[in-house]
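Encoded as structure tokens, the following chain is the form predicted alone, with no partner shown.
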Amino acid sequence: MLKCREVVNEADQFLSYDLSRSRQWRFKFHLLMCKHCARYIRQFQALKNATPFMHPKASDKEVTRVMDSIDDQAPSL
């Protein structure tokens, strides 16, 4: 059986069906047995569904401003 930490670490792959068939089944079995992980997966799915509606897409100007700020703060090697 999977450990809870594995479920947390691979939740996105599970919800995107990016895991092997056997790994998907192991996930489903764990979720049947562990109410905490099942709740985590439900909440994670709800967050993934809501994210596109949380704020409008950044403009090119905003992206450039943020990227320039990151470049300015990066330590020089």
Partner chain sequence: MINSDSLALLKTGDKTLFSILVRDHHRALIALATPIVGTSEAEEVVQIAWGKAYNAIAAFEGKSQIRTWLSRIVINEAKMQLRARKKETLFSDLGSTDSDSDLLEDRFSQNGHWETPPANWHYDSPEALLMGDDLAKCLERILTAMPSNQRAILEMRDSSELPFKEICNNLSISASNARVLLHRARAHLFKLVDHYQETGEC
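Only the largest set of C-alpha atoms that superpose within 1.5 Å between the two forms is called the rigid core. Bear in mind that the values here come from a model prediction, so they are computed numbers and not experimental data. Numbering follows the first chain given and starts at 1.
Beyond the structure shown, there is the form predicted in complex with the partner chain, which is absent from this document and is the topic of what follows.
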{"query": "Close approach of Phe53 to the partner chain in the predicted complex, 4.5 Å, heavy atom", "finding": "yes"}
{"query": "Exercise: Lys28 in contact with the partner chain in the predicted complex, heavy atom 4.5 Å", "finding": "no"}
{"query": "Heavy atom of Leu47 within 4.5 Å of the partner chain in the predicted complex", "finding": "yes"}
{"query": "4.5 Å heavy atom contact, Ser59 and the partner chain in the predicted complex", "finding": "yes"}
{"query": "Residues of 1-31 having any heavy atom within 4.5 Å of the partner chain in the predicted complex, listed in sequence order", "finding": "Leu2, Lys3, Cys4, Arg5, Val8, Asn9, Asp12, Gln13, Asp18, His30"}
{"query": "Exceeds or equals 2 Å, Cα of Asp12 between this form and the one not shown, core fit", "finding": "no"}
{"query": "C-alpha of Thr64 off by 2 Å or more between this form and the one not shown on rigid core", "finding": "yes"}
